[in-house]
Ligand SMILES: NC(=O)c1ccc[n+]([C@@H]2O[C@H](COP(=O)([O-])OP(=O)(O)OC[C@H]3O[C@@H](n4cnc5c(N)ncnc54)[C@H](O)[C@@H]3O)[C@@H](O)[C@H]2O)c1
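This document opens with one chain alone, in structure tokens, the form predicted alone.
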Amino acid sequence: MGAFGRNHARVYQQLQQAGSVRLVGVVDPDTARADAIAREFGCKSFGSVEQMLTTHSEVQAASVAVPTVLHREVARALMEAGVDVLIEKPVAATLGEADELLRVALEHKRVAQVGHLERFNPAVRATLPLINRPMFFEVHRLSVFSPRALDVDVVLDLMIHDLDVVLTFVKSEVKEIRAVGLPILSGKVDIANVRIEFESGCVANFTASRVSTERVRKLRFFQAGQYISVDYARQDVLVCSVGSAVGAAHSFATDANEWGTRPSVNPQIQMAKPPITAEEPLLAEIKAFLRSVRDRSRPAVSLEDGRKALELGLAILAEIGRHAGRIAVGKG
């Protein structure tokens, strides 16, 4: 029941008030913390997963928001007990652990969704129908320093959100990775810059930092006739079109008539915004998870998706390690 675990409990309580789910309880070995959250959200508290499963066998679904190194242990125990799971990102600490979760989910016929939150961002959802063949991405995710989630490097803490989104947009295998990263305020990589080339020819540049003086969450990309800018934080999409792409931009801009299509400084370029329905991404994520639990359907972000993002993140960290070795980082 850390900061994000509490957010999950808050959303489940919100859905409970809507009558779609019942929040049974929260688990934390810090029982004082668990008791405080349980009082806040009107549920029971438990000091361990085992205690919860023994006391309340009716539990059907659970969010796993423990430190990454414990994802395998906790999610496996829940799935083996017949509980469907929403596992926070990254899905596991290693590919071997991710593969074990895949095996357990298949063996016990469990729904297992991975918490790649930005997939449920209304701006990302509005962008998906616009994708044709993206060729160049520029992605920035910057945060001020916080002791939260220092059990993993910035690549698996922050950048992995964007890796998952770009993998979803591009749908191509990775051809080459170039990366550099440095520890600044922790013992792990706190800032990283990555260049990925895909087999499709698309190139993506990523910058992630948890030691910035500002908070930035932006993704920009180019495809034939279009430049598209996604602001995750504002849940906003801007589309700049030229040539034949202008007609498509105008059609969805007409639907979003509060903004419309606008000419830019260059009259050959039209700017437009697709219609977006604002929604808290975590609420959308948990609602999608619960639909899969009820319908026994494939989750929106599967374990396989989570494994792909983890595999790419780990490959980036390996390349950062090789680069550090080449330039003798940390040597006197």
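Source: prediction; values computed, not measured. Each residue number is its position in the shown sequence, starting from 1.
The same protein also has a form predicted together with the named molecule, omitted here; what follows describes it.
Considering the named molecule in the model of the complex, the lone stretch of 177-185, 84-92, 121-129, 190-198 in range is 84-92 [heavy atom distance within 4.5 Å]. Residue contact with the named molecule in the model of the complex: Gln270 places no heavy atom within 4.5 Å of it.
Under a 4.5 angstroms non-hydrogen atom cutoff, the named molecule in the model of the complex has His71 among its neighbouring residues. The named molecule in the model of the complex is approached by Asp28, whose closest heavy atom lies within 4.5 angstroms of it. Interface membership of Pro275, defined by any non-hydrogen atom within 4.5 Å of the named molecule in the model of the complex, is ruled out. Contact annotation: of the candidates Ala204, Met79, Leu117, Cys240, the single residue with a non-hydrogen atom within 4.5 angstroms of the named molecule in the model of the complex is Leu117. Of the residues in 1-30, those that come within 4.5 Å of the named molecule in the model of the complex through at least one heavy atom are, in sequence order, Met1, Gly2, Ala3, Phe4, Gly5, Val27, Asp28, Pro29, Asp30.
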